[in-house]
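Next up is one chain by itself, shown in structure tokens, the form predicted on its own.
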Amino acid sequence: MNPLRHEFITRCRASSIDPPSKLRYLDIGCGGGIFAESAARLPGTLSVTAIDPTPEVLKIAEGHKKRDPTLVQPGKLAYLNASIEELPVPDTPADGYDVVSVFEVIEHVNAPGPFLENVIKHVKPGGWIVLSTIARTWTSWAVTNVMAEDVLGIVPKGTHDWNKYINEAEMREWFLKRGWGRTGGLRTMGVVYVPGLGWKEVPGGEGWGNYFFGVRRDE
């Protein structure tokens, strides 16, 4: 899914006003560092801060980071064993991040509203939150809970809780009520996994399955 993540971020930032030449990323729930590493390697990246509350996965991320000399440069890529609730809030809005990514995380959160309230504190004016999650539909239940867990066994049983899935319209409404994305700074992309081909964009897929969601903090 990583190439689609970067493509989606590029599309989101294409509508940014006076975008910065070098970007600061915050990757929430970074896991083994797949996205964080790839973002840190981009020529337009100033720094990446990647956080995860699970120390075991951060050990994997740190070990992999050491294989690339470009990633061990001071300030380039920093892993922190912390949750978003524990991360210090920027002193001023301008000290926030240009891109805050939340990939495959929110569908595992018990209280998504309070979680997102903590996330938005770290985005600078003009910056973007980009996330990926799953719509709460019967199609997504059949794919993630039945096929992926019960039939194919490609993820452990109990990984997905269908009741925690959030529809794109619900996500959109939550941000618009807080004044985010009202000036055209809101993007979505439906995606689906095709065996043998990987993740592909599916127009309209945000209405029934996996999707990307991006929203800009207005200037």
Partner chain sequence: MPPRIALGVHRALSPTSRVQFRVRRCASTSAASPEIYDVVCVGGGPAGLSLLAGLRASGATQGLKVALIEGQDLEKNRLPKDATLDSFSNRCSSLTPASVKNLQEIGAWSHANLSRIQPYQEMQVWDGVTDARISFDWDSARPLLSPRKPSQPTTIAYMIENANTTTTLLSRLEELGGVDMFLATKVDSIDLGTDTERVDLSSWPVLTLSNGKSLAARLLVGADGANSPVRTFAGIASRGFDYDRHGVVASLKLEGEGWGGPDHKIAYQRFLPSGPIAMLPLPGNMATLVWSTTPDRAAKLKSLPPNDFIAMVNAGFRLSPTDLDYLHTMPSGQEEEIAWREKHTPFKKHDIPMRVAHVQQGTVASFPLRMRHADTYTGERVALVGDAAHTIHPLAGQGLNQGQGDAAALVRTITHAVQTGQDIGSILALESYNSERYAENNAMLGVCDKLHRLYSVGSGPLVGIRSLGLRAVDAMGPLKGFFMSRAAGGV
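Residue numbers count along the first chain shown, from 1. Quick caveat: nothing in here was measured; it's all calculated off a predicted structure.
Keep in mind that the form predicted together with its partner chain is missing from the display, and what follows is about it.
Contact with its partner chain in the predicted bound form, defined as any heavy atom within 4.5 Å, is confined among 67-75, 96-104, 115-123, 81-89 to 67-75. Contact with its partner chain in the predicted bound form, defined as a heavy atom within 4.5 Å, holds for exactly one of R41, K59, R182, R178, namely R41.
Under a 4.5 angstroms non-hydrogen atom cutoff, its partner chain in the predicted bound form lacks D218 among its neighbouring residues.
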